[in-house]
Structures are given as C-alpha cells and as structure tokens.
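Okay, so here's just one chain, in structure tokens, the form predicted on its own.
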C-alpha cells in the first residue's frame, strides 16, 4: 500500500466528494460533530475523536427495518465516505461487524451500509483527558481497518492507503510524493500522542485481565455507590460506539406498514422486564453491573475480544459523572484484597 503527501485537506476532500458523499468533523466548540462536506466550506482536521459514535452511520438511531408491501428502492444505500475516524472508532466497527455480520444473524441494512462506506481514518494527535484506549491495547493511530489514513506533518499531511480501494484512489488522484524525513516526523508525533495516553491513564492501569476483574469482584458496594449518582439518562450507551441493543416496533406509515428499528439501552429500567411484570434488574446497580459484564465477559466469551475500545465518550456524556476507568480500578483492588 502507498503513502502520498497533500499540502491541505481540501484537495483530498474535493477528490473524495467528487465520487461520493463525504462526512467530515465540524468544530462545535468543546468537541467535534459530523456534517456533510461542501466544497465551499473549511476543511478541518480533528485532533481527537468526534463526540458522536461512528455507529450512527451503520446502525442509525431509528430506521425502517421492514415494510409491507415491499418497495424495491426502500433500502437503497449510496456510497459515502467518513473522515476523521480514530483507532478506537475502527475497533468499534470490528465489534459491530461481529454482531451484525454473524453467519446466522446477518443484518442486511448494516451490511449494505458497511459495504458502501469508505473509511478515512486520521491520527489522534491530542488525546482527550477521558480517552483510555491505552488500557485496552489501543493507540493514537490505526494500523488496520481503514481505506486511507491521514497523519499531520509539517507543511501538510501524509495520506496512507490501507485497502485496495484506497490504493486505487490515491493512484488516480496524483498527489505529491512523500519527502525525506516526513515518515520519521509522523512516527515521532505518534509516539508523543501515545505517551499522553499512557500518562493520562497511569493511575487507572489494571493488574489483571479485565474479564477476571468483573467476574471475580462482588462489587455490590461499588455498584451501589455508582448507582447513587446515576439518573438513568442512558447517555453512556447512546454515545458508546459498540453498544448495539435495539427493539422493533410496528407502525402504520401512510399507505403501508413498517417495522421500526430503534436503539435501546440496558440502563433503561424496563429493558429486562418480562411478561407478568417481573424484572431481574430493577435496581440501577444491577444494570451497571450487567453493562460491565456484557462488555468485558459475555461479549468476550462469544467473540474473543472486549466490547470496550476505551474511547471515553461515556465519561464525557455521563450526567452522573461515572468514570468507567475508576470503577474498573476499584473492582480490580477489591479482587486483589480477596
């Protein structure tokens, strides 16, 4: 795969948007959000991950899962590209792929979007205080999972292809060649960003595998203490790039019927309710514990990887100020005391 140099992102964005819709980060003050790129607008490099999860592009908050009678073009998906995804975002897509592309449970809507998505990742040059991908093997830069990756260097950006599609795009775009020393500068920038991640999370480093921690700790007092500040806003699961629970609702739409698919949350009190009104997780503390077990035990048992990428969005969004890193560290200490 090749690497080229561009002086500004606009040249890259214009070339990509000529072939497909392109979504780029927009600076919204304290964070970035995604918006559709227009050639007359500013091209921005996001030094940290966007505040909203990439799953919105593949697994929308609300969508029609089926209609009756069927309309042939109901679920047509046009090719699109997204710029600015970080390593944590790419690893979250891998986690969603396991769920929605599983052999016996393929989701055609997800798969269609996934196949039409052109991924332009970028290095994380200024990790946020709440980013903790470092605790779970993450980095400030991506090694795989992208079609192209953008890295800032002096005077411009290096653009590296990571797939045949990305390689073909760079070959026909005719960008400049990489100059001596630019690769070394990129690597040095990555090293500095990784060091920031390590320093920000040094006090949260775990002594043992996280699965062993959540399964081995009783955690009753810790979960109860966390529950006291929880207001059940469900923000932790909404902004999480890997949470994928949903429910289906039948509805009438004009002259046809639709089955609506919408995000759900295990933090919602009635989420686990069953017929007859019984609920095995009425208490908030029980739901918090279930959330951790799902991420670090149940999913791991099924797919072989953790369901948390350490993006830190849940910490940013929590109304109750729960810090997942601190909770895991406290559970870790409890197991050590046994």
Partner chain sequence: MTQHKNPYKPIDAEVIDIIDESPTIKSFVLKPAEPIPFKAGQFVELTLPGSGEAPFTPSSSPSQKETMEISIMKAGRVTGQLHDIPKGTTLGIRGPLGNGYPLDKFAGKQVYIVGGGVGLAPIRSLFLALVERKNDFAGIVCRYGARTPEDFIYKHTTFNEWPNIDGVNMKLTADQGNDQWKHNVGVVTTILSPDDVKINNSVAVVCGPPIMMKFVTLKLLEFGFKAEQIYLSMEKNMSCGIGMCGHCMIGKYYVCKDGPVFTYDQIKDYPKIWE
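Positions refer to the first chain, counted from 1. Every value quoted in this text rests on a predicted model; they were computed, and no experiment measured them.
This protein has a second form, the form predicted in complex with its partner chain, left out of what is shown; the following refers to that one.
Please tell me whether any heavy atom belonging to residue 67 falls inside 4.5 Å of a heavy atom of its partner chain, as the geometry stands in the model of the complex. Yes, residue 67 is a contact residue.
Look up in the model of the complex whether residue 275 has a non-hydrogen atom within 4.5 angstroms of its partner chain, and give yes or no. Heavy-atom contact with its partner chain at 4.5 Å: present for residue 275.
| said: Can you tell me whether residue 264 touches its partner chain? I mean in the model of the complex, with a 4.5 angstroms heavy atom cut-off. | reply: Yes, contact at 4.5 Å.
Item to complete: Please run the contact check for residue 244 against its partner chain in the model of the complex: heavy atoms, 4.5 angstroms, yes or no?
Response: The answer is yes: residue 244 has a heavy atom within 4.5 Å of its partner chain.
Run the contact test on 102, 106 and 257 with a 4.5 Å heavy atom cut-off to its partner chain in the model of the complex and return yes or no. Yes, the whole candidate spot contacts its partner chain.
State the residue from 38, 62, 35, 282 whose non-hydrogen atoms include one within 4.5 Å of its partner chain in the model of the complex. Answer to the contact question: 282.
Quiz item: Considering its partner chain in the model of the complex, which of 187, 168, 76, 250 comes within 4.5 Å of it through any heavy atom?
Solution: So the residue touching its partner chain in the model of the complex, by this definition, is 250.
Q.
Can you tell me which of 295 to 303, 42 to 50, 23 to 31, 308 to 316 lies within 4.5 Å of its partner chain in the model of the complex, counting heavy atoms only?
A. Selected range: 295 to 303.
**Message:** Under the 4.5 Å heavy atom criterion, name the residues of 113 to 128 that approach its partner chain in the model of the complex, in sequence order.
**Reply:** The stretch 113 to 128, when checked against its partner chain in the model of the complex, contributes only 115 at the 4.5 Å heavy-atom cut-off.
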